[in-house]
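Just the one chain here, the form predicted alone, laid out as structure tokens.
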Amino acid sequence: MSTSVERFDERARLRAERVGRDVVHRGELLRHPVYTRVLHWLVAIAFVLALLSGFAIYSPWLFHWLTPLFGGGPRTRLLHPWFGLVFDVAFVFQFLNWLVPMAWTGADTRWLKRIRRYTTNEDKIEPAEVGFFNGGQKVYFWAIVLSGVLFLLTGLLMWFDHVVPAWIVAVSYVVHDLAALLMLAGFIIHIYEGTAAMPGTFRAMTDGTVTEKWAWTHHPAWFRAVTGRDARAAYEREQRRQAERARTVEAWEREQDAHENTADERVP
């Protein structure tokens, strides 16, 4: 029997499906449906707005150029907590959506132990046990959970600073800023990993799909679960196909060179 939380999340998914639909072409896999993508961008936009307005409030002498974006200093201070509240509310939905696949497993612990090999791209394909999310993605997710809770608690204390002791407000400022720095560091890594480090990842959050090659390279266990095929076998098949293609091109180039040499010899 499904829980009330699962039924709540399912109703939200059904509403999202009325807004758009997912299109998957041959050689692609559906990575993130419409509902997930909508949540992702709501969280991302709210975080960026909260971050920029927070910079303007935290250090106005350095980020004074940001306040005009929000209508001036007073308006920035007014909007910042609301941006944070939107972030937390949107992330609650994302938390429910990803709670099951983000559960920590022994495979994630083993993934972290080989993180140096991952960052240096020593392996052409991830270990067979890496599922829908790897250990690094799960660490980032739970860091957001922690930061989101801290944002909400300290933000409320600062927002209603007239009803709590001054020392609690002072501590809240420090904790709030530390949580923001943690989120900012993870956000920068997240952008890098989703673009330059792993080409083909960003499209998963635009049209929702990834190529099968991307899937078997980065998430072999997930690839096996949705296709029923072994990721290593798919990788080796692709390597043989590329080698055969390279041999064909090389043979064609040799043939062309031979024709050109023959033609040169016939010229008096």
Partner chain sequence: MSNPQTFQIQEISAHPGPVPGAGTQRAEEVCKYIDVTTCIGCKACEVACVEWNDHPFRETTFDDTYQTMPSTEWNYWNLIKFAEDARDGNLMWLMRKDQCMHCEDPGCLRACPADGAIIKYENGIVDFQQDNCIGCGYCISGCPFDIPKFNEKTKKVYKCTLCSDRVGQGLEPACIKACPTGCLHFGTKSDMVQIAGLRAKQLREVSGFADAGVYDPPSIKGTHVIYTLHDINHPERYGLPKNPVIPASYTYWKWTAKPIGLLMAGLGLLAVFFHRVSVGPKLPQPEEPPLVSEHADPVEAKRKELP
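Residue numbers count along the first chain shown, from 1. All values derive from a computational prediction rather than experimental measurement.
As for the form predicted in complex with the partner chain, it is not shown, yet the points below apply to it.
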Inset, instruction - Classify W82 as contacting or not contacting the partner chain in the predicted bound form by the rule of any non-hydrogen atom within 4.5 angstroms, answering yes or no. - result: no
Legend entry - Exercise: R77 in contact with the partner chain in the predicted bound form, heavy atom 4.5 Å: yes
Legend entry - Close approach of P199 to the partner chain in the predicted bound form, 4.5 Å, heavy atom: yes
Legend entry - Heavy atom of Y58 within 4.5 Å of the partner chain in the predicted bound form: yes
Inset, instruction - Using heavy atoms only and a 4.5 Å cut-off, decide whether all three of N121, V169 and R245 touch the partner chain in the predicted bound form. - result: yes
Legend entry - Stretch in contact, per heavy atom within 4.5 angstroms of the partner chain in the predicted bound form, of 220-228, 25-33, 39-47, 59-67: 59-67
Inset, instruction - Let me know the one among I188, L112, L156, A143 whose heavy atoms come within 4.5 Å of the partner chain in the predicted bound form, would you? - result: I188
Inset, instruction - Would you mind picking the one in A107, L181, A103, V149 that has a heavy atom within 4.5 Å of the partner chain in the predicted bound form? - result: L181
Legend entry - the partner chain in the predicted bound form - contacting residues of 201-234, heavy atom within 4.5 Å: K213, W214, W216, T217, H218
